[in-house]
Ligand code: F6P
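Just one chain follows, in the form predicted alone, and it is written as structure tokens.
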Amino acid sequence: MANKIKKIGILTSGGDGPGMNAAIRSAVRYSLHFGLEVAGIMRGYQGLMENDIMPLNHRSVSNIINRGGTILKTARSKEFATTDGVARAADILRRNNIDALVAIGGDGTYKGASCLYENHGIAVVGLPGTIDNDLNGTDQTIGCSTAINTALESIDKIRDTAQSMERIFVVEVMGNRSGYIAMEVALAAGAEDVIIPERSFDYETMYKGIKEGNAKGKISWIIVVAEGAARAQVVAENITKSIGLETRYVVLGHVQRGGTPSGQDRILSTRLGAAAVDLLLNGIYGRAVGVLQDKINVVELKDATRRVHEDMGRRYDLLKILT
């Protein structure tokens, strides 16, 4: 089945994340090792719709393993989201003699890749590229480790100011539908509270806790907020309004997406890039690759969509016990 695949296309789609370049590098060089041609598709599905495709070789991916972002750029495409758009994308791949596609991204990327496979027979494999760590079939997604470390570094610095100036700080991190980053950061930073989309939050209990802590001499608080659960500014204003204590807010925003990928993200990306090519060489298509218990795991693309972490309640309880 190996001779069926002669040319592989690679794209990154949706939000970027540290480690994507390491995955591109791995997929390119692993493909070249087996005598395959490789094409880089710029700006994800949007670039595919515009036929913005270039050849990639060994030198094309030199010195990128340590770089954040993605050399292939990324974008979202409204045109590709239509039935006609997917059909046109499949035709463009064929006209460029691209036999298979490695798609690096999150839930939307996987759904698009699945449409190409299910409806048009394009040989596709997905790599989990999203900082939210919210995809099925893998313990970790590309970029999550670095995003957590980046946010944690900032919160450690904020803690110094919170203690020095005896203030409450509300810190907003990324996570529209997933509170994974917020919860991990809160636990690692020793935060006093965390607000996430996966669980309802009792603000009155928080206000009461802050009042009681302040009466006992507690001088600073760090409250981590996932962007999809609340807005840091609103939370901070309500704390000040409700209990009269000075509260500041910080929105970390897109700083979490950038920066040098951690060792964990580089290794994960390198392993997954090679694993994706292995699947294609062995005639296994329409799959997503991940890592479970440190072993490569393969699942159907259609099943590798959004995952909800079911242990958030237990993690929250641990956070509060240790406060």
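Just count from 1 along the sequence shown to find any residue number. From a predicted model like this one, the values you see are computed outputs, not experimental measurements.
Another form exists, predicted in complex with the ligand; not displayed. Remarks below refer to it.
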Partner-contacting position among 130, 114, 77, 247 - heavy atom within 4.5 Å of the ligand in the model of the complex: 130
The ligand: the contacting residue among 119, 83, 161, 176 in the model of the complex [heavy atom, 4.5 Å]: 176
So which of 83-91, 152-160, 249-257, 204-212 is the stretch with heavy atoms within 4.5 Å of the ligand in the model of the complex? 249-257
Can you check whether residue 227 is within 4.5 Å of the ligand in the model of the complex, heavy atom basis? yes
